[in-house]
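Given as structure tokens, the chain that follows is alone and in the form predicted on its own.
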């Protein structure tokens, strides 16, 4: 059965879709069969990042409305083998029945090594995704508001009885971090949020631009190397958190 990982944050703009896509590509490069589920019901973007938007006939809303089977709402990414996407419907609300969401996730598990779920951190769909996940990745960047929101998200997961949160710092710039001088070091952020650090993704315009152009597959840049390491850690390989 596939490993399910929800990717959440306490505020917008931390890069959930960026991380979900980058990590999915990295896992596919490890010869894993990976499904990306876009649960950002208002601002879906993974289909654009991966260049699958023009070919989408069905999405998650069609599955919930009984218009198609789950398999028909899954599309392969032409740029890399083993990577698939199920897009959210922009017309859906986030009051999805928890049991229905769980049933969908469990129905798909057998066909993939990993299911990565891009969540907005609110609503019943998020709750179902979090409960079904072996790991919940809480995103933050290194500025105070984002850290505070990630801390609240970590607390909420614990209130739900979930103790599987892992912290991922995204868009990290050492220069900006020390210039802001809001935290003594990264350990202070980890302690505030109360989740074990999974990895740090550095600021990387090259990969961000490639996603905007729907052509991320051939890029080898700082963020890509970081995602390779995070994918290895998710896959049980002991590698350094940092890029030397």
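Numbering follows the first chain given and starts at 1. Computed from a predicted model, the values in this text were never measured in an experiment.
Not pictured, yet referred to below: the form predicted together with a small molecule.
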Checked 27, 193, 37, 49 for heavy atoms within 4.5 Å of the small molecule in the predicted bound form; positive is 49
If we test each of 189, 41, 208, 63 for a heavy atom within 4.5 Å of the small molecule in the predicted bound form, the one that passes is 208
| field | residue 154, heavy atom within 4.5 angstroms of the small molecule in the predicted bound form | value | no
Is residue 202 one of the residues lying within 4.5 Å of the small molecule in the predicted bound form, judged by heavy atom distances?
yes
In the predicted bound form, is there a heavy atom of the small molecule that lies within 4.5 Å of any heavy atom of residue 236, even though the partner is absent here?
no
- Item | the small molecule contact at residue 146 in the predicted bound form, heavy atom, 4.5 Å | no
In contact with the small molecule in the predicted bound form (heavy atoms, 4.5 Å), from 29-37, 54-62, 181-189, 208-216, is stretch 208-216
